[in-house]
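Shown here is one chain on its own, the form predicted alone, set out as structure tokens.
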Amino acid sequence: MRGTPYNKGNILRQLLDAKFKQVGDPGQCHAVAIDGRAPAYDGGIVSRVDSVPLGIVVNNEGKRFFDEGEDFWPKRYAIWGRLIAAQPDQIGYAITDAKADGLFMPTVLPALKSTTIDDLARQIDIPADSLLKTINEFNSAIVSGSFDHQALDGCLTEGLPINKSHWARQIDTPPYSAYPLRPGITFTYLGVAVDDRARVQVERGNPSENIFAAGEMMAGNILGRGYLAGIGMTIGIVFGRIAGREAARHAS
């Protein structure tokens, strides 16, 4: 849980039990890849690992499982927690080499490093032969392009079961780095339905006249799949202002 340990959804549970209208997919969420060594709660943004698009991500079998360069990081960072949650033991590993150093936001804990892939695999306790095979196949599949980590560049792979769409460069320059990754959940897309006045909707009947919701509580009205950096704050600000205005109007 990336925030306070007290954010357990109790109020949402009470509202749904009281037959207010449910909205959103509980299987979808804002969940980022955080350092697996970070605290269980309140890790903060410095526990988020942003090296993903600059290398590859493997599971504990040493296999890639998603396109690390699918799109700009602000559009994709919040899906990686969910992707990792679907992997064996809910863990992944971000692998980069020296060329990626300095190109992403520093983390609170340093990466695990080694001059060899074999030793790096030993440090993260995954099969060295599998990781080496994955890296060799990845390196061989790269189509040369002009690398630009701030644009959708032409560095990609071809012929892999899961290709990388952008920012694909050979992992060949030691020291090699690894971050263990765990799902870091911020909020799910399950919430209560609201109208354009931020009034919580009753499952059957008219909207509530004195219960209003803003932010993550009602984010499922806006978010279906995916996330764009800042949308959560935008929902909170916009509907917070509406909810405050409408609550004041009701109380006056």
Ligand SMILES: Cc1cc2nc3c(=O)[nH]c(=O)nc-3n(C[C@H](O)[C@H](O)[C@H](O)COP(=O)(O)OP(=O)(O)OC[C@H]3O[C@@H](n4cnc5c(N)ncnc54)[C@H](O)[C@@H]3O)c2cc1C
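From 1 onward, residues are counted along the sequence shown. Small disclaimer: the values here were computed from a predicted structure and weren't measured.
Just so you know, the form predicted together with the ligand exists too; it's not on screen, but the next bit is about it.
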item: Non-hydrogen atom within 4.5 angstroms of the ligand in the model of the complex for each of 18, 207 and 210; value: no
item: The ligand contact at residue 44 in the model of the complex, heavy atom, 4.5 Å; value: yes
item: 4.5 Å heavy atom contact, residue 214 to the ligand in the model of the complex; value: yes
item: Residue 238, heavy atom within 4.5 angstroms of the ligand in the model of the complex; value: no
item: Non-hydrogen atom contact residue 227 with the ligand in the model of the complex at 4.5 angstroms; value: yes
